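So this first bit is one chain, no partners, the form predicted alone, shown in structure tokens.
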Amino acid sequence: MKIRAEYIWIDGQKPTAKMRSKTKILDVKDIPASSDDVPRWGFDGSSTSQATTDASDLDLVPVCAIPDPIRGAPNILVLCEVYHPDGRPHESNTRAVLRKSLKKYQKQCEPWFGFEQEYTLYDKDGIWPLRWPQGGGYPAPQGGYYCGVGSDEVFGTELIEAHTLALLDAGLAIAGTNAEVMASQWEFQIGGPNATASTAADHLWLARWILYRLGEHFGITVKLDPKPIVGDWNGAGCHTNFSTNSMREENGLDAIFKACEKLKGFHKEHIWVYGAHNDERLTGAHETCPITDFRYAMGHRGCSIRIPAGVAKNRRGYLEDRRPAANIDPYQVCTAILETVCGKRFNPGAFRYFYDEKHRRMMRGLFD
């Protein structure tokens, strides 16, 4: 008997990396007990924007293996890091950078992470949001779609239900789902209590892959554009919830305020890694703070950092960073927050591989 192992990795496209995968057939006797037992593999990096044709061989190193909820047991999904054949992490391997930060701060800060992944459903051609009027028309204005009920307000429920069940079957740290403010826009939450940076980020990448693959089955395209539709429509973010041991302790609110002040001091550096085209989303409208500003407050969704009302009441808990766009690389975001809050400073230069000239021009135009 043989099984299928789907090897999944992050490519080198700039400024926003995409997901790739391919299938390896394993003998059932070789079914791994953990990701450490999954065999390494290789791929053609020249076809994924990660190598040139004269030196195209790159390695896939498994880091997380879970049951495949689409093909079913005993098949597995295998999330991988990308390495050079000589054993060096590839320049696009942002998880390797995060591992260095975790080595410094995991024991000291005991950080927990959670992601609120917003996304937009499109028809299978990927041109216009799902069930929006054909020919470029618009549905009714925003107001009734957020957490709505009924086929006239909520589009694509069949995919969301299948995705939620798949994440549960796979053992991923899903915490919830909801329809979002714009028609055909949805959100799922990953991570939460006891979810380390690597666990939450790994699970977010795997949850995205499962969503894309199920979308193929339903004829629905999923996109993470920060501003899917120009005009009076909400953008799509990936709000990031974060806490340390000191924030969760009695009177941890003081530690939350201190963290906010640290984040304020490195606002520009965080915007570098908080998603390409995020300037189109962070305008000050549609529940956002302008991209050049930094504000934090209790329960305020127009701030950069929101401190939930329940946290303020209990004087302990977590903060919500509302700046990250839907298309973030969670490894970069986790690194930025860890280095800023648990360390002394964050330098986005570790991720310069992904800064294309358009992204550099955007940053210069905003902050220089």
Ligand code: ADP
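None of the values given here were measured: they were computed from a predicted structure. Start at 1 and count along the sequence shown; that's the residue number.
Not pictured, yet referred to below: the form predicted together with the ligand.
Heavy atoms within 4.5 Å of the ligand in the model of the complex are found in one stretch of 64-72, 40-48, 312-320, 325-333, which is 312-320. Of the heavy atoms in His300, none are within 4.5 Å of the ligand in the model of the complex. Taking the partner from elsewhere, Arg248 is found to have a heavy atom lying within 4.5 Å of the ligand in the model of the complex. Although the partner is absent here, Gly191 is a contact residue: one of its heavy atoms lies within 4.5 angstroms of the ligand in the model of the complex. At least one heavy atom of Trp112 is located within 4.5 Å of the ligand in the model of the complex.
With the partner removed from view, the residue among Asp279, Glu116, Glu81, Asp225 that has a non-hydrogen atom within 4.5 Å of the ligand in the model of the complex turns out to be Glu116. Proximity to the ligand in the model of the complex, taken as a non-hydrogen atom within 4.5 angstroms, holds for one residue of Val97, Cys147, Ala285, Ala175, which is Ala175.
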